[in-house]
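Heads up, what comes next is one protein chain in two forms, each shown on its own as structure tokens, labelled structure 1 and structure 2.
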Structure 1
Amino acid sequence: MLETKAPTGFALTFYRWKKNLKTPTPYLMTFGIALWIGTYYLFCEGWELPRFNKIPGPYVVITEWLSRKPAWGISLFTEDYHGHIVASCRRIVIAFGIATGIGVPLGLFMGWSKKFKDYSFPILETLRPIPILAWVPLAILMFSGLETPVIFLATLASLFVTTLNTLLGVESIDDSYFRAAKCLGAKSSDIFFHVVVPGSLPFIFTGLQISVGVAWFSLVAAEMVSGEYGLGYMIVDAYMNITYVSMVIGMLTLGFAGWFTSALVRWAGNRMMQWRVRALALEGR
């Protein structure tokens, strides 16, 4: 009897895409998006409901967004719009990179060593509930300029999520794996790199997807308070100048940017966990 070989690479992606088309998921997703846009249009432009009469509708927003000569100054073809996107994306890359570089090792060591966790976990749990906006005055006092405080605030919010999910990932590993490794004569370093790290990867990448989203909304909050460029600054500036179309364009841009960065993290996770992707694909998930 011939053994069935699991799909890999592009074949695996095509296999999952083909299986996905046989499920209701893509069609329900398309229906959900269409329903949202239709409701948005009816509330703002169709029925002109009182609570939505100041909010620009989808037709006005899309027309302005695609205009080469925008009436309100922001569109796909304006330099300022691209400048805001580049500024925010640069800050996110730096903040997310720092949070991942610190949070993942910190979470691994907290899960690996009970003594280290006893020292560090109370500090983490004390600082984690403090809202990011409460850190704004301290960040401005600690760091000079306008760039560093914004990056610090985005890093801080992302760090807590990354560390906690990594810790949960280590704690979720079954003790039988540790016992089996010790019975086979594995050293502590071997157990750490061959049991702890791979076993916690699903939790780590789930945490990173949440972390990049947290970094985005923390960044925007920081840019609204302390910043000269960025999507958060663009949104609050549009609100102050009563250019609500530009404000909605900035919000939608944030949504697309957040979705794209989450998709990148998901893709990286799938590349690093091919064993898990193959198992899910063979299960039809």
Structure 2
Amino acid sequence: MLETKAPTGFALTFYRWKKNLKTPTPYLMTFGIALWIGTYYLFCEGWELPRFNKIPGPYVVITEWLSRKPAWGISLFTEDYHGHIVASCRRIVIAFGIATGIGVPLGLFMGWSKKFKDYSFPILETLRPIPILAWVPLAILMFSGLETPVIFLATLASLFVTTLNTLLGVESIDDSYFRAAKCLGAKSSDIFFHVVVPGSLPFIFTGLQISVGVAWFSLVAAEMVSGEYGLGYMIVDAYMNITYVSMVIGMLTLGFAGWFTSALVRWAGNRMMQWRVRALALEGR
């Protein structure tokens, strides 16, 4: 019997990487990035075009970011910077954790029991069109302190996304899996744990990836409006104090943090759905 094992994980990445180097793609990508940074540099620092000269250019930002004694107070080595990152990440972890803990079971139940969905879905759909930012004043009123309202806003935002995607996931499960399980003598609870939960996992994880992005989005907004720590606050604070370099550092850090958390969720998803990863690998994806 011929062993046809698809390479996975690191081996697969390495293989693709090696193969990729023979195409123009990586070179063009490098060129693209270089072109972008070059334009940015020339516009803001080289030629100092009007209006662009107000924005700190890449050279200033990078040197400041890596400097041990930053001119404007924020760099990789300052405690303030670490504090802001930790504060934001902590809020994201709490908000995302709560939203997942409530949203996934809620979505699963809504998909599983039509009655439950009939009662809960209209309320969800009524609240959903209200932008998260509109909740800011109410959140401040409802929860005391500075920390809870910010976490509440981020939680609310990702809760909607997680719940709806989970519901969608349950509804996307082919009817025949339910029927097959019932044919094989599965009880209602068996169906829930062996069909509903694993069947909706792909959608749940897509939802979680979006949800973590949405959580960052609302967190930044909430921190900008009310807060005394965190990356969103850092950006606004830098703007108020006219330390624009720190502002750009904050933006880039947010971008990286957003990308990193979303990659983390994707990784967790792949760990939990080996059946899917292996099937997709055979299709060359």
Partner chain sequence: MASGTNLSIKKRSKFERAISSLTFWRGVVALLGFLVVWEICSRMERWTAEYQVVEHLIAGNETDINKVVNEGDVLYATIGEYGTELNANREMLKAWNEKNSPMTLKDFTKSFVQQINKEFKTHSANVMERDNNLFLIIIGNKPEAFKTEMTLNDKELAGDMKSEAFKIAVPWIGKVPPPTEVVEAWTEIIGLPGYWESWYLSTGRVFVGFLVAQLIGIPFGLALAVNRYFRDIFFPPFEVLRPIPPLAWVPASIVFWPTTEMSIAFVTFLGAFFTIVINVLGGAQSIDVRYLRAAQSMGATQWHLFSKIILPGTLPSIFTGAAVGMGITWEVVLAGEMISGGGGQQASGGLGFFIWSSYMGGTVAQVIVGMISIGIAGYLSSSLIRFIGDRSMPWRRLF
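Think of the rigid core as the biggest set of C-alphas that the two forms share within 1.5 Å after superposition. Residue numbering: structure 1 sequence, from 1. Note that the coordinates shown come from a computational prediction; the quantities given were computed from them, not determined experimentally.
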**Fill in**
The form predicted together with its partner chain? Structure 2
**Prompt:** Given a two-rigid-part description of the chain, what is the rotation angle of the smaller part between structure 1 and structure 2, in degrees?
**Reply:** 15
**Core-aligned Cα shift of G32 between structure 1 and structure 2, given in Å** = 4.6
